[in-house]
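Only one chain comes next, encoded as structure tokens, the form predicted on its own.
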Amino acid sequence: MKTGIANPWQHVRQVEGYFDSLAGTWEAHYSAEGSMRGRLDRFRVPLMSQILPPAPVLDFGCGSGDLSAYLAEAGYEIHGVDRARAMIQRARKRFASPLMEFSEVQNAQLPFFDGQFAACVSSSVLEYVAPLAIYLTELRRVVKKGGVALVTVPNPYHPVRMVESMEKTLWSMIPRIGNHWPEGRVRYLNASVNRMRPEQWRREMAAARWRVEWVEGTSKPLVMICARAI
């Protein structure tokens, strides 16, 4: 479900605050037993099938740097960006490599020249950005023609996402109910606004000059989309 946002600026600040609050513990998700550990190879394997190292790759919404570091170990030149200042500070503190650089960004305009990257990766980030069309267009600008984007987004058909959608619907109908949910849960679901079916993602990306080539993981909570810059 794609949700309209009355005040995109306020939404951005809420998302920044939410992820800043998680920066100190985010890396635990990528530990050996972490819930996000599997995301690392889920990106590395298809990336290597599309673009060989040492190609320059943008990690859009890099968080505390785990995916960036994993791809740098494979030989890619990685530039990670994030709006959450505490995440970028944590990434810089944890990782030092000539193949990696981390930058905080304050708006949708990315500090890179046209076609600077051979690819971009974005692990469960596009669900939070607004306005989505502006970000998709900017990512297309900095990825060269023929380059690829690998992104994961929520799968609205999965039971987990259906429950989340029902929660948000319930809160919108009876706002006080949200006061009894865990604060972190409420902040997460309020921040995650771009939840669309794969065919809707195809249309949104096509409008920004991306051609979706395949969608993987339609039985999982997150689907992966591979799109080509055209």
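The shown structure was predicted, so the numbers you read here are calculated from the model rather than taken from an experiment. For every residue, the number given is its place in the sequence shown, counted from 1.
Missing here is the form predicted in complex with a small molecule; even so, the following discussion is about that form.
Interface membership of residue 125, defined by any non-hydrogen atom within 4.5 Å of the small molecule in the model of the complex, is confirmed.
Heavy atoms of residue 136 never reach within 4.5 Å of the small molecule in the model of the complex, leaving it off the interface.
The closest non-hydrogen atom of residue 129 lies within 4.5 Å of the small molecule in the model of the complex. A residue is said to contact a partner when one of its heavy atoms sits within 4.5 Å of a partner heavy atom; residue 208 fails this definition for the small molecule in the model of the complex, lying far away. 39 is the sole member of 161, 195, 202, 39 with a non-hydrogen atom within 4.5 Å of the small molecule in the model of the complex. Of the residues given (149, 84, 118, 72), 84 alone sits with a heavy atom within 4.5 Å of the small molecule in the model of the complex.
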